[in-house]
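In structure tokens, one chain follows: the form predicted on its own.
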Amino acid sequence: MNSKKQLGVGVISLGWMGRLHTRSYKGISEHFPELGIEPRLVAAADPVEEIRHTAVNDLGFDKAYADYHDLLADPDVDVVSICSPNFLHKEIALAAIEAGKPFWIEKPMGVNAEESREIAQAADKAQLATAVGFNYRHTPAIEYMRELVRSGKLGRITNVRVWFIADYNSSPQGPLTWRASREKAGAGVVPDLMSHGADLAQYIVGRIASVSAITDTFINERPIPTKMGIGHSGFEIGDEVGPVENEDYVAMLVRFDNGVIGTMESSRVSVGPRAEYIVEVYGTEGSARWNFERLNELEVCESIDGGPTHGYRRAMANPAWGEWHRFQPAIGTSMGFDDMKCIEAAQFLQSVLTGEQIAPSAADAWCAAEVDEATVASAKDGQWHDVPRVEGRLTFDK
């Protein structure tokens, strides 16, 4: 007899990320059996009829709605995933809060810091558990890097380097999507990629206190799509072009509350790197380096002078790192991107059940948005900008 507690799940918008959320919920019972949870795919919401058909017939949802309000009003839906484009996040999140539904939302949570603040404060006032898609936190190598830093094994941390470089938009023939619209996306690569980098830096080292930044747009116009796709693929384009309204490159200097300094850089148009997301942490007694393109590895140097073979050791993910043991049976067998989202789903549902905020929270997303906002402001006036402190259930420094 199945004694697990059922939680009714609703997923709003079934693009790539919505389908990833769906798969992540399905993995909870297998990978996190001690939670005693069996997520039930109650409803999906998507305006596209074909996708609604897929939701029920292929993905396993009981039903599908064209209007997300109907999903939020469904009494069988206990928790909600919000996977819509950025410009819809605020209205859907506030509607979920009004309906009393805990939510897991993708980043950036709002198109600017003000929207993120409004969502975070409303969720906090309603005492709702939340989760935000800062999935790189859950990479076992990152969890171990954080342990090295927070335990003092690397000595006093002096500086960090964060590099989020991708080529998904490097072709000038890449379509003009909502991501290039200032109204719909806000800034460009800053919230799209660098918000992940800022969150990782804060999760590993501590709060970013101030920033100085420059940005640029290297591809100023793109062809307008004649057929929409999912994620970054499946688009068709015509001959008509339109302007790119936000930045596709950013470079930052940052100072942390604890005196650490850092350099951060991000691009969505660099030719060559596919997803070169790198975090390097340097201390007085050692250092560590991680690259998402080899996400199951960590390079570590834990001494000042290790003799004739001094330098980095390459370590593979193993049962001592984070949640690796839940997914793989032997060292050398790799985890993947989807597994990090399953960990995030588990943290979200555990937050819902216990009332303790375990998953990256709406307050964390607001904090990252304030870093984004200070970055954009600094790029505009050429000055250092302080990052305002936020309130709420922050988890990056727990």
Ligand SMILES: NC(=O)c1ccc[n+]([C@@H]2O[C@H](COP(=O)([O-])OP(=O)(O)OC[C@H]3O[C@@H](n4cnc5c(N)ncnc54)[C@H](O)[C@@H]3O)[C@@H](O)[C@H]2O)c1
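The structure presented is a predicted model; accordingly, all values stated were derived computationally and were not measured. Start at 1 with the first residue shown and count on from there.
Below, we turn to the form predicted together with this ligand, even though it does not appear here.
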{"query": "Contact residue in the predicted bound form, from A122, L88, I219, A320 (heavy atom within 4.5 Å of this ligand)", "finding": "L88"}
{"query": "Sole residue of D199, E115, E247, E106 within 4.5 Å of this ligand in the predicted bound form, by heavy atom", "finding": "E106"}
{"query": "Which of 135-143, 266-274, 208-216, 324-332 lines the interface with this ligand in the predicted bound form (heavy atom within 4.5 Å)", "finding": "135-143"}
{"query": "Proximity of L59 to this ligand in the predicted bound form, heavy atoms at 4.5 Å", "finding": "no"}
{"query": "Partner contact for I28 in the predicted bound form: this ligand, 4.5 angstroms, heavy atom", "finding": "no"}
{"query": "This ligand contact in the predicted bound form: W163, any heavy atom under 4.5 Å", "finding": "no"}
{"query": "Interface membership of G36, this ligand in the predicted bound form, 4.5 Å heavy atom rule", "finding": "no"}
{"query": "Stretch 37-54 - residues with a heavy atom within 4.5 Å of this ligand in the predicted bound form", "finding": "A45, D46, P47, V48, I51"}
